[in-house]
Every structure is written in C-alpha cells, then in structure tokens.
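First, one chain by itself: the form predicted alone, in structure tokens.
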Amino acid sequence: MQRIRIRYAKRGPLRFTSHRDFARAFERALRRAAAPVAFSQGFHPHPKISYASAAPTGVGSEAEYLEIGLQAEVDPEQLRLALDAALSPGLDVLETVVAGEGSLADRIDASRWRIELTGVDPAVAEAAVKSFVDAEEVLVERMTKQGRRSFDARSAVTHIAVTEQSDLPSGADGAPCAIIDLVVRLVTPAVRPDDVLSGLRVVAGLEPPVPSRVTRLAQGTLTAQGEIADPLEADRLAAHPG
C-alpha cells in the first residue's frame, strides 16, 4: 500500500466549509479522480484517510494536511492535479508527497496564524498584545464537547506580535487594519485564534468593530528558534535524496 501526504488550502468563502463537509467533498474528489483508495476491513469499510489538526470552521488556511492510503502506486503530482480539478475552487490541493517513515501527526505540534483586525488601530492592538504577553495567565471560556470550560489561553502562545508589514489595504472608509502574527503550540484543550482574541478582550478590552479574518499560515514542529518546520520536508528528502 502506498501512502500519500497532502497539503491543501481553504480560501475565500470556502473557509466556512466545516471539517465534516470537507471530508465528504474530499471523498467525492477521490472517486472523481479514480484514485485507488485503500479501505479498512470489517462490516463498514471506510477509505483510509487521516486528517491532521483541521482548522476551525470560518478560518482560512494555507497549511491543512491529510494522509491517504492507496492500493496501488500513483504519481503524486498527477494525483494532485486530478484532486485539485475535482474540488471546488477555494479548496486547493497544493502539494502531494509519498509518505516516508513515521507519523504525520508526530510532525505537527504548533501553528502560525495571521489575524486581521479591520477597524483596529495597530497601536491599540500593540498595547493589548503587550498586556497579554505580560500576563502570567489569561483565563477564557469556550463551549466544548464536554460543556463550557475555562482554560488558560496564554500558556500555549509562544509568539504574538503586531506586524509592521501588511499586504492589506485599509477599509473602504479608510479604517485601519491591525495584523497580528501568532504562534500557538498544540495543547489539550486546543487554544484557537478566537481564544487568543477572547484573551485580548479579557486583559485589554480589545473589541474589533467587525469580525476578524483569520488564516493559518503554517503547521509543523516548533523549532528552538521559534520557527515552524515543514512537516513534509523529510518526505521530500526521502523521495529525492541528495
């Protein structure tokens, strides 16, 4: 059996696609692409697909990952092209590689996010971020499958800053737009960008006038230098040594 690891993006209006809806769309895309998908055994066989830390509904992403098992070998690039053509624009297959040794999930322990706060002055956002960083603990609440839970949104954040560089224009009325660069470790319960925004509201009263736009830029292993290591790099090297 061949295993293929895939990086895909959720862009534009398709960021509102739930993980369950994407999973259904991806299984249909596999059928349209005539991929020789392997199935589990038992009375209710299902395609061998494993997802790694899917982004919340409503969040865009340039770095979603999954792994599929195939019954026969395929050319990864041809599979990428076929799957990308079979999915709606906005659900974009960016890369496919033959899986090497180890688990994909073991290569992902952190994410980098971009949070766009339209209508928020960058100086105000910087002051709120400083209050968040200086706090030893920032308790927030969120409804989970186990009910409403309170947890610390500060401890999982390894980096948060208002960036100087922005490729976003101001709003149509000239409203400012603060951009936050955020790196969060994968913990339980997961700390999401909206939890960090709740934390900024708790410590500094930051209330964006319109909903924020959030995009996951990267997932991978957090290095000692605070960077996110690409989880597919080892697979690329194994496929093309030297």
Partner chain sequence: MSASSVFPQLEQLLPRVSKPIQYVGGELGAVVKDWDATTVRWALMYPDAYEVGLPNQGVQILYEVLNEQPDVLAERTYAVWPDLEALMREHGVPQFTVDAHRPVRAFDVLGLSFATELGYTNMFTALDLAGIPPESKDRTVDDPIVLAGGHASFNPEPIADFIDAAVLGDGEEAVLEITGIIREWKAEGCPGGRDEILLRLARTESIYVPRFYDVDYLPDGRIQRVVPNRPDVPFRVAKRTTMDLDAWPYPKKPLVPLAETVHERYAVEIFRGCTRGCRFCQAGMITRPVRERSITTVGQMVREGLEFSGFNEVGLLSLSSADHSEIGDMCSGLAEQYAGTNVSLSLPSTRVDAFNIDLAQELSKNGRRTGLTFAPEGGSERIRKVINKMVTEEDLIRTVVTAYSSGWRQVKLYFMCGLPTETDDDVLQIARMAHEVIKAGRVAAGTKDIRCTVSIGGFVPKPHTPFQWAKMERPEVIDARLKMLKQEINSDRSLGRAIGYRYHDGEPSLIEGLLSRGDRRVGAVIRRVWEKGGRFDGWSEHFSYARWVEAAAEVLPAFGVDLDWFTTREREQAEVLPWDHLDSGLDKDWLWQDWQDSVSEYEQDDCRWTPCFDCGVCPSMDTEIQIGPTGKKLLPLTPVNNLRIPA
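Just so it is clear, the structure is predicted and the values come from calculations on it, not from any experiment. Numbering follows the first chain given and starts at 1.
Another form exists, predicted together with the partner chain; not displayed. Remarks below refer to it.
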Picking from A156, A135, V124, V74, the single residue whose non-hydrogen atoms come within 4.5 angstroms of the partner chain in the model of the complex is V74
To verify the annotation, which of these, V140, A161, I108, A86, has a non-hydrogen atom within 4.5 Å of the partner chain in the model of the complex? A86
Can A99 be called a contact residue for the partner chain in the model of the complex at 4.5 Å between heavy atoms? no
Although the partner chain is absent from this view, report whether T17 comes within 4.5 Å of it in the model of the complex, heavy atoms only. yes
Touches the partner chain in the model of the complex: D21 (any heavy atom, 4.5 Å): yes
Does the 4.5 Å heavy atom contact test between R213 and the partner chain in the model of the complex come out positive? yes
Any chance all of P13, R28 and P45 sit within 4.5 Å of the partner chain in the model of the complex, going by non-hydrogen atoms? yes
Would you mind picking out the stretch of 34 to 42, 198 to 206, 184 to 192, 48 to 56 that comes within 4.5 angstroms of the partner chain in the model of the complex, counting non-hydrogen atoms? 34 to 42
